[in-house]
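A single chain comes next, written as structure tokens; it is the form predicted on its own.
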């Protein structure tokens, strides 16, 4: 691979890569505002200027400038190397580039900082970007000057609603145009543009339009300075109080990599941010995914219940035991969930195959929904592929209803409270009547849903935000989420609750640690084809 040097460090690069992109891949940040690895490069902020040594035998490009000489009290002509934007200059073999080691570059960056802050309101105490603002970071690294302008700053529109989710503050804007380019190049909805010139220019929404759609939150995420903020996060939390966990979006089968930001003081999740992964989601997330962090707290099940009444965990386990005593194994079924992790599903599959002796394995999850060609998948479950990997031949929720109605299944242990019937009035009514025919329904779930409502015994499971777990996206990529907040109420990881149920029924389901679960599932990743008690010929392979 060809290389060049940046401040004496050797940087490998792919042919065609720019200097800034090659340095970025090596974890070296050349200061920038307008450049983004997923967007085109307009080179309008001038913050990424670097000094490039001329090729051997050639003269370098020089600029004639006037420089103030305090000794003579006048401007003095001199020559300086012509700096070049690293976001547009392709890297070349043997190229020698200076950034922090060049006095000319340092002076230029300082000048850019002073220029961008001439009319900035510097309202950091009330700005949501404070703590993660490039203007703040770069002022410390490359600015630190005494403000010379004594005139009144130019005032621009503030708190302009671009749409239902985004608010714009023109005074904070550095006109990097990332938001414009994102809507144009990625979202394919060129509704934003720039008007006026010089210190009067600002971002605006096309006349008669609003900033709406499925990717509006990304305009806030690509904004480096807090000019665009989301209604959802605006004034909710200060970022220096937040901690972050590497997570995977639970909104659909794409499995976008994300940062899950939470405040440990209140055990509360505040937002999702995209985490770079060029194989999965590049640098982006959709709006629906960005707000799906709310499921860490909304619609949650955090207390054990027996027939709808809150009880202690021991009481719920004793009730589960009483329901399954002296039950013939051929009428027992288990239901896996595409909403839960591989670890949770493995535990239930192990209980079914190794202990209950049933191969009547079904699967459930949320119904399909909107999809597009960018990120949004029609499968609204994060782990459908993982469930199919664990138990080949797993049968869909509709087959479970068929077998219950035919009397072939009378006792069920299910993972996850949600089913496709939650989104369909007709299927929901049928499912409700079918589940009422069951003699026992034990549900281990993190969220409300049809199964949870029909449960004779309900055990509250930890959500993806409260326990580490593995999810397999639609492309078959295995991705692990980190634990963020502590489990709420009496909830515990579902794989642990499955072990508790197994032990209550008298089985040696002895896995007590996550690493034990992962080790055992790795040694026996799949089981033979799951079959219903009496398979219906219309069964398909999808939940």
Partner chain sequence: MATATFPKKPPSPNNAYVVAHVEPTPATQVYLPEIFKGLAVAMRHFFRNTKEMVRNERPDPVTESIAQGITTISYPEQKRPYPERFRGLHRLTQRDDGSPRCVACLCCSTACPAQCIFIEAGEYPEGDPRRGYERYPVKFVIDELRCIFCGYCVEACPCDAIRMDTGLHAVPYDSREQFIYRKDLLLAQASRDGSHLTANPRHEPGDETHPGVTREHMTH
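Numbering follows the first chain given and starts at 1. Bear in mind that the values here come from a model prediction, so they are computed numbers and not experimental data.
As for the form predicted together with the partner chain, it is not shown, yet the points below apply to it.
Colleague: Though the partner chain is not shown, can you say which of 294, 314, 155, 432 has a heavy atom within 4.5 Å of it in the predicted complex?
Modeller: Flagged contact: 155.
Colleague: Counting any non-hydrogen atom inside 4.5 Å, which residue from 238, 437, 78, 307 sits next to the partner chain in the predicted complex?
Modeller: Spelling it out, the residue with a heavy atom inside the cut-off is 238.
Colleague: Does residue 202 make contact with the partner chain in the predicted complex, using a 4.5 Å heavy atom cut-off?
Modeller: Looking in the predicted complex, residue contacts with the partner chain include residue 202, since a heavy atom lies within 4.5 Å.
Colleague: Against the partner chain in the predicted complex, would residue 266 count as a contact residue? Criterion: heavy atoms within 4.5 Å.
Modeller: Flag for residue 266 set to yes.
Colleague: Spell out, yes or no, whether the shortest heavy atom distance between residue 319 and the partner chain in the predicted complex is within 4.5 Å.
Modeller: No, residue 319 is distant from the partner.
Colleague: Report yes if any heavy atom of residue 207 sits within 4.5 Å of a heavy atom of the partner chain in the predicted complex; otherwise report no.
Modeller: Contact with the partner chain, no.
Colleague: Does each of 125, 159 and 195 have at least one heavy atom within 4.5 Å of the partner chain in the predicted complex?
Modeller: Looking in the predicted complex, the three residues 125, 159 and 195 all sit within 4.5 Å of the partner chain (heavy atoms).
Colleague: If contact means any heavy atom within 4.5 Å, which of 230-238, 468-476, 216-224, 177-185 contacts the partner chain in the predicted complex?
Modeller: So the stretch in question is 230-238.
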